[in-house]
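The chain that follows stands alone, in the form predicted on its own, written as structure tokens.
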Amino acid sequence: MERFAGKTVVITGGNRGIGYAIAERFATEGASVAIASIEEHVHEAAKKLSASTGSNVLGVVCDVTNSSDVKQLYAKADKELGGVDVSVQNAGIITIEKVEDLTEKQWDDTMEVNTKGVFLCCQEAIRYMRKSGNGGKLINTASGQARDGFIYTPHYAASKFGVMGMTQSLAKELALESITVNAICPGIITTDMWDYNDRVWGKMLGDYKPGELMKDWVQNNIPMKRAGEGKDVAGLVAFLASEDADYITGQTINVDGGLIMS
């Protein structure tokens, strides 16, 4: 099924993990996809995805905290892929520190990428959606920590609560322009980020060996008794980008196997 044939989708943080799974879902369903990352690896990821799906995939090196980079990303997507119909703001970072050890730089870097980066990308995507006159879909990656801030990550929780608030504000502003704005809250997903979380939180919360903390949390806190995969998140994003979600805006939706029910 090619629900997104003729559509262009931009995905930040699209070269690995959840972002790559989202890009793969859209490319499989016929979209032209621009994946962006601060890493040069994004070009290799784009070639791999294009080869496996047969879709047109563009890799762009972009620092989402830099407005010039962001403008260039959307200009390239518009010029080379033909507009911007869907934009998924997925780039994000995390560090885990006790409050007395958390530096201003760690705070600032996290807010810059996770919150300001989402804003800059939404702002630029909106320009192209307005230019086309066809509306569009903005989908922002928040986190379970937009619902429930966890220990040793006040900066990360604050950044993701910010994403949720921004999503609601933009949804109200853009509602009459057929541009919907929604956010997703992934829980424990098997990614490089969660490998880091498992190692660092595990050491700080009880000297767990690698893999043990994540297994413990999954078994004791997730009713479905499994960690999520990128494809679980990609399915929700694809729905929110589809016509089936045209009457859904300003929502923040959990995708976490029941970890958080609110």
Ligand code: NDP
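Fair warning: this is a prediction, and the values are worked out from it, not measured in the lab. All residue numbers refer to positions in the sequence shown, first residue = 1.
This protein has a second form, the form predicted in complex with this ligand, left out of what is shown; the following refers to that one.
- Residues 148, 153 and 257 are none of them found to lie within 4.5 Å of this ligand in the model of the complex, as judged by heavy atom distances.
- Contact with this ligand, judged by heavy atoms within 4.5 Å in the model of the complex, is confined among 202-210, 31-39, 215-223, 45-53 to 31-39.
- Although the partner is absent from this view, residue 18 contacts this ligand in the model of the complex, with a non-hydrogen atom inside 4.5 angstroms.
- Taking non-hydrogen atoms only, residue 182 never approaches this ligand to within 4.5 angstroms in the model of the complex.
- Residue contact with this ligand in the model of the complex: residue 137 places no heavy atom within 4.5 Å of it.
- In the model of the complex, this ligand sits beyond 4.5 Å of every heavy atom of residue 104.
- Out of the listed residues 113, 81, 129, 164, 113 is the one that sits within 4.5 Å of this ligand in the model of the complex by at least one heavy atom.
- Contact with this ligand in the model of the complex, defined as a heavy atom within 4.5 Å, holds for exactly one of 188, 96, 122, 174, namely 188.
- In the model of the complex, this ligand lies within 4.5 angstroms of at least one heavy atom of each of the following residues of 82-112: 90, 91, 92, 93, in sequence order.
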